[in-house]
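Next comes just one chain, in structure tokens: the form predicted on its own.
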Amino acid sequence: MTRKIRMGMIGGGKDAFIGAVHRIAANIDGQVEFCCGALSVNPEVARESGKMLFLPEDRTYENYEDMIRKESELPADQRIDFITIVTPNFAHFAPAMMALDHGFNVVIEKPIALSLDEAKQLQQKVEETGLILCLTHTYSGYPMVKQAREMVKEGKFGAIRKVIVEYPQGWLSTLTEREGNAGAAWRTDPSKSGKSGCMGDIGTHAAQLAEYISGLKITKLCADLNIVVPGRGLDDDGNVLLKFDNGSNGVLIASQIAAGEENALKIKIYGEKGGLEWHQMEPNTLLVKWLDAPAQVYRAGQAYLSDLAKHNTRVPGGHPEGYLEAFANIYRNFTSTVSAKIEGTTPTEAMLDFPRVEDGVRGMAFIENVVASSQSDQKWFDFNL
């Protein structure tokens, strides 16, 4: 490309956490130009946020409809190439669909929509338009997650037998949504978050990571969701038994009432010959365990790693590399794919290594099947799409 890829943003103004993360991640490689935004549903906050981020006044919009319509009318050498949507769940579908309808590629926070039906509509629109939708399942962007995936794919552990993934947090251990915590308020409101709270917010991350590393697909599940904190409107804790398409089984635990925990996502995968273990809070380390040999410690930035892990490593070994870099890997791969499309070239396999609309559909199916299973006395539910 002879120019940067141009980005617009919906949501993510000065009163939001995740918008800044997206902007940092998009900017790390210097390939993206942040051009415009509809940064808040509050017009005053939207304008103030645009000024703080040095956006031109005429490209700081008070609502996403104006932004998408006016940006689509600009000349090709000024028009944005993609739109990042960082709004709460209930405000994902409409702007994403409008963006696709007006010819813009999309980056969107997970879960992709409020329902499986909406997710399927977005998938159909992506297929119709040929545009690219990227879903920010951040944890799949870590280099040692890539290493784990490649080792499983290469058959290092033999046939996979067991997957254990857990995601405990403690930030909803009290009724913080009634104490001024805006992030907690919308995540625990069914009208804004959807059918599930904890499982929709972090359980989907755990499920996507399990499928991404193992290369398997969930086919059946048996779920138990709980509302532990009295007065809460959605689940804040849950346990799910899993069956995968190779006949193996798994366990998924997600909780936001695990007092004292921060963001302790962990995954263990076991095969016939050995297994692996990765912790999000120590992301540069991958533990590899063998049936008939000593355990090994794999570290990011080392020459012995796979090409995929190296491609997604940014600093030499021993230099901390974490959440922002993993986020940036997803943006880098997505924007490289967009660039290849603009240039009329074929994106490489490494470029295409980011979560897409199919992951969004599976995420919404996970949520809806987990909720249905938990509400039923039936032991096993088929993973219906």
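In this text, residue numbers run from 1 along the sequence as written. Predicted, not measured: the structure shown is a model, and the values here were computed from it.
Just so it is clear, the following notes concern the form predicted in complex with another copy of the chain, a form of the same protein that is not shown.
Query raised in the report: At the 4.5 Å heavy atom threshold, is A91 in contact with another copy of the chain in the predicted bound form?
Result: No - in the predicted bound form, heavy atoms of A91 and another copy of the chain never come within 4.5 Å of each other.
Query - D359 within 4.5 Å of another copy of the chain in the predicted bound form, heavy atoms - result: Residue-level check for D359: no, no contact with another copy of the chain.
Query raised in the report: Contact between E166 and another copy of the chain in the predicted bound form at 4.5 Å, heavy atoms?
Result: Answer yes; at least one heavy atom of E166 falls within 4.5 Å of another copy of the chain in the predicted bound form.
Query raised in the report: Q378 near another copy of the chain in the predicted bound form, any heavy atom under 4.5 Å?
Result: Contact with another copy of the chain, yes.
Query - Contact residue in the predicted bound form, chosen from E150, D245, E261, D189 - any heavy atom within 4.5 Å of another copy of the chain - result: By the 4.5 Å criterion, the partner-contacting residue is E261.
Query raised in the report: Counting only non-hydrogen atoms, which stretch in 179 to 187, 107 to 115, 92 to 100, 271 to 279 is within 4.5 Å of another copy of the chain in the predicted bound form?
Result: Correct option: 271 to 279.
Query - Heavy atom distance at most 4.5 Å to another copy of the chain in the predicted bound form, all of I24, V251 and V297 - result: Looking in the predicted bound form, the three residues I24, V251 and V297 all sit within 4.5 Å of another copy of the chain (heavy atoms).
Query - Residues of stretch 288 to 317 in contact with another copy of the chain in the predicted bound form (4.5 Å, non-hydrogen atom) - result: Counting only heavy atoms within 4.5 Å of another copy of the chain in the predicted bound form, the contacting residues of 288 to 317 are K289, W290, L291, D292, A293, P294, A295, Q296, V297, Y298, R299, A300, Q302, Y304, R314, V315, P316, G317.
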